[in-house]
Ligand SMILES: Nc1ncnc2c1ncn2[C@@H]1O[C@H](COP(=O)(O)OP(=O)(O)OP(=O)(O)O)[C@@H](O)[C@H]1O
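The chain below stands alone and is given as structure tokens, in the form predicted on its own.
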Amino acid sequence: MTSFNGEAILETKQLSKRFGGLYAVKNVDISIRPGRIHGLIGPNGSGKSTLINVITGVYTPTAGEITFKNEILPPERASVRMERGMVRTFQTSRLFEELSVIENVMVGAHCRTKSGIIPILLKTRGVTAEEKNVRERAEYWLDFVGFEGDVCQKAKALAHAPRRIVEIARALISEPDVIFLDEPAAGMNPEEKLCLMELMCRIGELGNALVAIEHDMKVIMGICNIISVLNFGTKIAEGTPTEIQTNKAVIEAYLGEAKKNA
């Protein structure tokens, strides 16, 4: 992980993504700093996931710039962005169902291994030392995220909340500078959400920048240092949880509706 002494590690300037004649994201400026939890909220269809998809290389921007570690990034694949130090989880689980829990986490180390993850998982000759190292790192991160089950069980046997934290462990093993979590608390009960909030705070304490898209306002308001609000693809507000809760534009566009649906 790179130290930026409080300066932005990731910035977007006038970032836009258009599909046909419709802007999903339009002229969005966001600054992400290490050691902080940055919330990204807004109504359904406001452009939150599209913004993350553009930043992480899933989509190519229509216009604007992405600066990461003081370098303006060219259009490139998501796998290259991961190698640079950006990693994400998705709204729906992306675990490999037939692999074990620990193998799923080990897969996340593929961008940091010399042998490649397939030879390591197949235990081919010449990769024993690296396989041992990756497995130990996977065990470390599973312990860090609080996974309490059998690490050798197949992923398809996991309940919803353990799946989520295994995916976070898989993200952490890649040694990221910025972690994007797309609705990590969705489907969790109150106790599981509390555990998730504690985990997210511990990740921030590592020095990572953490960006969370989340509809649960108790989660967002409880842990975020700063929150950006999108509506119809544009950023309508940004500030601390207290500032966002009292922002008239945000209340009109989102928080009032969120309270109704809570």
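Keep in mind that this is a model prediction, so the values were computed, not measured. The numbering used is simple: start at 1 and walk along the sequence shown.
The same protein has a further form, the form predicted together with the named molecule, not shown here; the description that follows concerns it.
Stretch-level contact analysis of 41 to 49, 26 to 34, 66 to 74, 197 to 205 against the named molecule in the predicted bound form, using heavy atoms and a 4.5 Å limit, identifies 41 to 49. Taking non-hydrogen atoms only, residue 215 approaches the named molecule to within 4.5 angstroms in the predicted bound form. The closest non-hydrogen atom of residue 183 lies within 4.5 Å of the named molecule in the predicted bound form. When the named molecule is considered in the predicted bound form, residue 91 lines it closely, a heavy atom lying within 4.5 Å.
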